[in-house]
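Just the one chain here, laid out as structure tokens, in the form predicted alone.
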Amino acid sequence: MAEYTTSKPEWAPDKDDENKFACGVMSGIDGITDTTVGNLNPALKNGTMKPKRKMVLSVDDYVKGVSAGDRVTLARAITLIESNNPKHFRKAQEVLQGLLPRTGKALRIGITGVPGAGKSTTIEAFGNMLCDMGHRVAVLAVDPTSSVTRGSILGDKTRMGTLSRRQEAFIRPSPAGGTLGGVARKSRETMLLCEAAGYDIILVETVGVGQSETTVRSMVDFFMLIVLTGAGDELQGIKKGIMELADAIVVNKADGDNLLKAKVARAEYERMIEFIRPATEGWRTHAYLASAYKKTGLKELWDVIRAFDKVTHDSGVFKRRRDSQLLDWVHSMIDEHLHNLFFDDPVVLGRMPEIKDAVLRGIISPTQAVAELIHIFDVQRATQRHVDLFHPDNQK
């Protein structure tokens, strides 16, 4: 084995001559002094380095860490929720069960809008304002189309530069890939974790346009639509569909030369709202002006949301909506579970190509194909139950 020394090589300059050279040779580890340690890491000098975090956390570790508001533990808990590993799924559900009593106390606000409407800028300005008021804000992005976009929404965190650096805020993009139901489940459970960690306002941003609006509407209390001035007639169909879900319409970028156009757009939206059924019972949707860039109209918007919260709590609509959302969540997860059971069944998978081919060749109708596949699935499940019933381990 080679021997190492701390002596300088012959070509190294003496200390008195070191300014004559473009480079020098630093001392090895044996030559570290209090000064050099202080320059590298003060914790090395006085032994105050924090202990390393555990590589694998127990359910109790997760519950205690999230309950204490530890951001690192929260992030790891969300990663556990997002995992598709069956073992992780079971552990994640145990963590959620332990945290459930701490959930449900936050105000959940959904935010959507066409691309370029300024959703991220509005969320950052709005979130910073809420943090300044003493609130703790969690921002979640939901993108059911992420099987196509493959996680491009990670850019949202970089666009919210100031908000992401605040200790009172937590920003988390949605998991990439998976089915709509899978993303919705993980997003809902992520929301519960954030509530358990003490975040009292949850801002849920939709990234996709279309089905994602319905998904987020089923998760939140208040739903906000951000629009632009002069977006064009080609978007009117999308707007009308989304407007039926909105509790408030915000005409963004209402500043400078665009202010007059924004006021005209607001008046147009107010006229359109007259012909649309209110999204929430007992609450009348209205259009508002705001500028995320100038930070105007945000305080008024928060006053609207607080008024909505009071009205719906007093009328009982708030609780009825939350109860309905919970039951819808149960039903959607049942649908997803049955879907996976069917399409993951080995016998169904084996017969699927043959039956698909028969449909394409016109030998059987699609209805007959479905009936045949369901019959195969039923027979397979019945056979499996029979085998399980007479298994030696079940005879004891």
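Everything numeric here is computed off the predicted structure, so don't read it as measured data. For every residue, the number given is its place in the sequence shown, counted from 1.
One more form of this protein exists, namely the form predicted in complex with a small molecule; it is left out here, but the text below deals with it.
**Q** Is Tyr293 near the small molecule? Define near as a heavy atom within 4.5 Å, in the predicted bound form.
**A** Residue-level check for Tyr293: yes, a contact with the small molecule.
**Q** According to a 4.5 angstroms non-hydrogen atom cut-off, is Glu268 in contact with the small molecule in the predicted bound form?
**A** Because no heavy atom of Glu268 falls inside 4.5 Å of the small molecule in the predicted bound form, the answer is no.
**Q** Taking heavy atoms and a 4.5 Å cut-off, does Gly118 contact the small molecule in the predicted bound form?
**A** Heavy-atom contact with the small molecule at 4.5 Å: present for Gly118.
**Q** Report yes if any heavy atom of Glu205 sits within 4.5 Å of a heavy atom of the small molecule in the predicted bound form; otherwise report no.
**A** Flag for Glu205 set to yes.
**Q** Answer with one of Asp255, Glu281, Glu244, Glu94: the residue that has a non-hydrogen atom within 4.5 Å of the small molecule in the predicted bound form.
**A** The residue in contact is Asp255.
**Q** Here the chain is shown alone; which of Val114, Leu326, Val311, Met129 has a heavy atom within 4.5 Å of the small molecule in the predicted bound form?
**A** Selected residue: Val114.
**Q** Counting only non-hydrogen atoms, choose the one of 163-171, 68-76, 83-91, 284-292 that falls within 4.5 Å of the small molecule in the predicted bound form.
**A** Among the candidates, contact is made by 284-292.
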